[in-house]
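Next up: a single chain in structure tokens, the form predicted on its own.
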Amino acid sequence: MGYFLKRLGLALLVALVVSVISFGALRISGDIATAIAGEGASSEDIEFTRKQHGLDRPLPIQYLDWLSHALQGDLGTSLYFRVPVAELIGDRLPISLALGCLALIFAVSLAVPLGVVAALKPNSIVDRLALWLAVVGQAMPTFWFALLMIVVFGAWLRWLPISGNESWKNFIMPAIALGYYATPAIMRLTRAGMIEVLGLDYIRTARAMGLRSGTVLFKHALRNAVIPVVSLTAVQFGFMLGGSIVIESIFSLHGAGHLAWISISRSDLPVVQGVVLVLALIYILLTLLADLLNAWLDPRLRIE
């Protein structure tokens, strides 16, 4: 319980810092009153808008007012769409979450088995193939891989739809493009962890006691080797949500990333602020869940 409270307190502190940065970035990026009033507005109109929205008050007072509204789910109103920011994000976020989950499933399903097999047979053909895939995955830009799949599987073979989000087939290529970039890091960490664990004394003892190879591999070795992988996976999922802006734009998936891109291009500052805040909070939550899962896998982590 103490471990949970400590991690929860740390997560809340990070969330508070993120809210301050998100609020400050919006103020630094430009004059909000001018953005609300419009580029052709007179100085009198801008000043009236500034007073109407409380932008003439001290920044700490503005922050506390904004934070109190944000805690109630009010993230302001979009300057371009003219609807509440929370409503916009609520409509688009499920698409980004679905894309991120599918990409993570693809990455883990490919990386973990490859890492385990490569660790069981180091310097073999399988190990070299896994390392080659890792090098290619990190060297190849995500947008280029996405465009290559569109040409091959969308234009030439016509197996998969190129754009839109009408069915589950629309998410196959975006998920692979987004997940393949995370695969190398997960695979290498799994391989390194398995090689280290397989060389420990308790694994040799388990084998000497006559335990089956599958039991030794999955129940004893993989459970301990996967602990750092869990933390990395949570981080990678956060990166996928933040980096989905490129993939969503290429495949015309109208998720939170695509919304952020539109808002940035149209200087819709409240929406940009809201998207950044929501994605950052999701990232913090994922990190907290990863810490708790690691503590469950390895009870020694709870002793601090």
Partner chain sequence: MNDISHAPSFGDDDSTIANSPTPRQAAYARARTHIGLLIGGGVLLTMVVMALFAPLLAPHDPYVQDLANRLVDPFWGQKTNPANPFGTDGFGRDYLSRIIYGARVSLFIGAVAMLISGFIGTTMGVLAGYFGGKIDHLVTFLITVRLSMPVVLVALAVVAMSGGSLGVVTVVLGLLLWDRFAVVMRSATQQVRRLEFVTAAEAVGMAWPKILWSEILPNLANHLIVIGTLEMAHAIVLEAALSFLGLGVQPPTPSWGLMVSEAKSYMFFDPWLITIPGVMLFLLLLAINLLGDGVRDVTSPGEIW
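For clarity, a rigid core is taken as the largest C-alpha set superposing within 1.5 Å between two forms. Residue numbers count along the first chain shown, from 1. The structure displayed is predicted, hence computed values, not measured ones.
Quick note: we don't show the form predicted in complex with its partner chain, though the next part is all about it.
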Assert contact_stretch over 95 to 103, 75 to 83, 123 to 131, 171 to 179 against its partner chain in the predicted bound form, heavy atom within 4.5 Å, equals 123 to 131
Practice item. Using heavy atoms only and a 4.5 Å cut-off, decide whether all three of Val116, Pro228 and Leu288 touch its partner chain in the predicted bound form. Key: no
Report task. Classify Val14 as contacting or not contacting its partner chain in the predicted bound form by the rule of any non-hydrogen atom within 4.5 angstroms, answering yes or no. Result -> yes
Applying a 4.5 Å heavy atom distance criterion, does Ser109 contact its partner chain in the predicted bound form? no
Examine Trp261 and determine whether its closest non-hydrogen atom to its partner chain in the predicted bound form is within 4.5 angstroms.
yes
| said: Does any part of Gln138 reach within 4.5 Å of its partner chain in the predicted bound form? Heavy atoms only, please. | reply: yes
Across 140 to 158, the residues having a non-hydrogen atom within 4.5 Å of its partner chain in the predicted bound form turn out to be Met140, Pro141, Phe143, Trp144, Leu147, Leu148, Ile150, Val151, Ala155, Trp156
key: Threshold 2 Å Cα movement between the shown form and the other one at Ser22, rigid core reference   = yes
